[in-house]
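Quick setup: one chain, the form predicted on its own, written in structure tokens, and binding and motion questions come after.
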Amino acid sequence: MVRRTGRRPGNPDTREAILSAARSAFAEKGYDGASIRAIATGAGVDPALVHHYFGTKDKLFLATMNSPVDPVDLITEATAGDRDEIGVRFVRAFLAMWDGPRGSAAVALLRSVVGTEWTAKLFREFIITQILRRAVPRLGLDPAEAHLRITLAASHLAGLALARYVIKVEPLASSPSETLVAAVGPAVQRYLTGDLPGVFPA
């Protein structure tokens, strides 16, 4: 049997070759513009092998970001229950991720995002495609307001993570998580569902 040329076999280097091609494709073309077929071509493999290693395009994108959590899980947890408590649940779930076993991966991701424009561009795609698109239907927000509301909340949480886990500003770094939930939860709630004078009418 003659083996096809121009394609990588399924060896230990194949997964990293796919990830490398995917990072380039997502950074250059965005999530929507990057196809599995184009990524496979860039990696020198068959598209079926991409699906074999990563399953879906969403999961491949999460792998390129080294995401410590699937945003669907965080969004599902935060939106399950009373709408008036979404902010508190978001902050609690967010801190639980950072304080748990996946925290070191989250710190590494945040450091890489602030390190280069290339990783920052990937992270912007991550926010738009993996968080915004998934959160808007679950939150029941006005589409005209949803993107600004969610990015305001995300900016607050990103700042909290940077100060607490990367820069380690005290006493924020050593404060109990529930103290931060109580302090930050209402702010996130306001961003998502409350009045924002001067931005959206009451």
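Remember, it's a predicted structure, so these values are computed and weren't measured experimentally. Numbering starts at 1 and runs along the sequence shown.
Form predicted in complex with another copy of the chain: not shown, discussed below.
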**OP:** Evaluate residue 151 for contact with another copy of the chain in the model of the complex, applying a 4.5 angstroms cut-off between non-hydrogen atoms, and reply yes or no.
**Re:** yes
Original post:
Is residue 140 a contact residue for another copy of the chain in the model of the complex, using a 4.5 Å heavy atom cut-off?
Top reply: no
Subject >> 4.5 Å heavy atom contact, residue 194 to another copy of the chain in the model of the complex >> reply: no
Subject >> residue 111, heavy atom within 4.5 angstroms of another copy of the chain in the model of the complex >> reply: yes
**OP:** Tell me, please, which stretch of 42 to 50, 141 to 149, 60 to 68, 26 to 34 lies within 4.5 angstroms of another copy of the chain in the model of the complex when heavy atoms are compared?
**Re:** 141 to 149
Subject >> Contact assignment for another copy of the chain in the model of the complex, among 105, 72, 97, 132, heavy atom within 4.5 Å >> reply: 132
Original post:
Listed by sequence position, which residues of 163 to 182 have a non-hydrogen atom within 4.5 angstroms of another copy of the chain in the model of the complex?
Top reply: 163, 166, 167, 168, 169, 170, 171, 172, 175, 179, 180, 182
